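One chain comes next, on its own, written out as structure tokens in the form predicted alone.
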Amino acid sequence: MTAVASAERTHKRIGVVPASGALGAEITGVDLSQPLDDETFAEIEQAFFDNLVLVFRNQDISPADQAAFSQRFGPTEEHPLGSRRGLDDHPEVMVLENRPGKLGPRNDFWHSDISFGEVPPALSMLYAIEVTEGHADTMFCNMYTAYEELSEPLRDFLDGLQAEHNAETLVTEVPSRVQVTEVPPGVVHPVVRTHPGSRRKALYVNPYYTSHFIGMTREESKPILEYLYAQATRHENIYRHKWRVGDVLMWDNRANMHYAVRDYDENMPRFLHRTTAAGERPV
């Protein structure tokens, strides 16, 4: 089932409006400041599996509300390397800030959050408290489609591969990010993982954290990885989210990559709260 086909589902408690032909949907009829009954949450969760990126517009939520909603999908986690600060009273709610004298850390590269972890997060969630509209869009690409549109021989080849993911690049991050001085050893994940909710296969490599295929050198791995990244990030396979104040945006790290457009400077205010929900070991 594709993201487009998922719009044909019958939803009794929520509205689901496709955001693009590739992935993403806007959810209507939900106030995230209020507790969700199990039936409503089940529809949201299914829409998430189908569309990989969900946006809830015009929300007004507290850090506790955001943490509680994230926890419906899995235990909330702080950043494993401490490269983003959390709120004093909610350390699991991380702060993304851009203001004069404090240029926000860059994320203008395609990646899947914390894929260098032994058990990477299932989802990431951002709540926009202050934004400069028209700037700092976030792009997402569909890794289900990236895998499914490959030739059968290439899919068969990739199905048997593993790759190393590591956090080496975080050591050289811009100064506005909390300095990471100790990098954990690399971890090995399958190149193609099966999503536990949808049971669909997705490519699980990204240009920021994936270094090479196991059993192959970096030089041998590079052209194949670059081909996969080019396929995944074709215009037709991307949803570009334009931020508004009050947006709650969540994405599935198990089956997409994202890229934060850096078309702003420190004079363009931006303040968001981020949470992540724990996932499972990729298989």
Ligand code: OGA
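Not measured: the values here are computed from a predicted model. When you see a residue number, it is the position in the sequence shown, counting from 1.
Note that the form predicted together with N-oxalylglycine isn't included here; everything after this is about it.
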Using 4.5 Å between non-hydrogen atoms, is Ala122 touching N-oxalylglycine in the predicted complex? no
Considering non-hydrogen atoms and a 4.5 Å limit, does N-oxalylglycine approach Arg270 in the predicted complex? yes
Is Phe69 a contact residue for N-oxalylglycine in the predicted complex, using a 4.5 Å heavy atom cut-off? no
With a cut-off of 4.5 Å between heavy atoms, is Glu92 one of the residues that contacts N-oxalylglycine in the predicted complex? no
Partner contact check in the predicted complex: of 151-159, 109-117, 194-202, 70-78, the stretch with a heavy atom within 4.5 Å of N-oxalylglycine is 109-117
Interface residue in the predicted complex among Ser211, Thr169, Thr132, Thr138, criterion: non-hydrogen atom within 4.5 angstroms of N-oxalylglycine: Thr138
So which of Leu96, Ala128, Ala146, Ala163 gets a non-hydrogen atom within 4.5 Å of N-oxalylglycine in the predicted complex? Leu96
Those residues of 246-261 which, in the predicted complex, come within 4.5 Å of N-oxalylglycine by heavy atom: Trp251, His258, Ala260
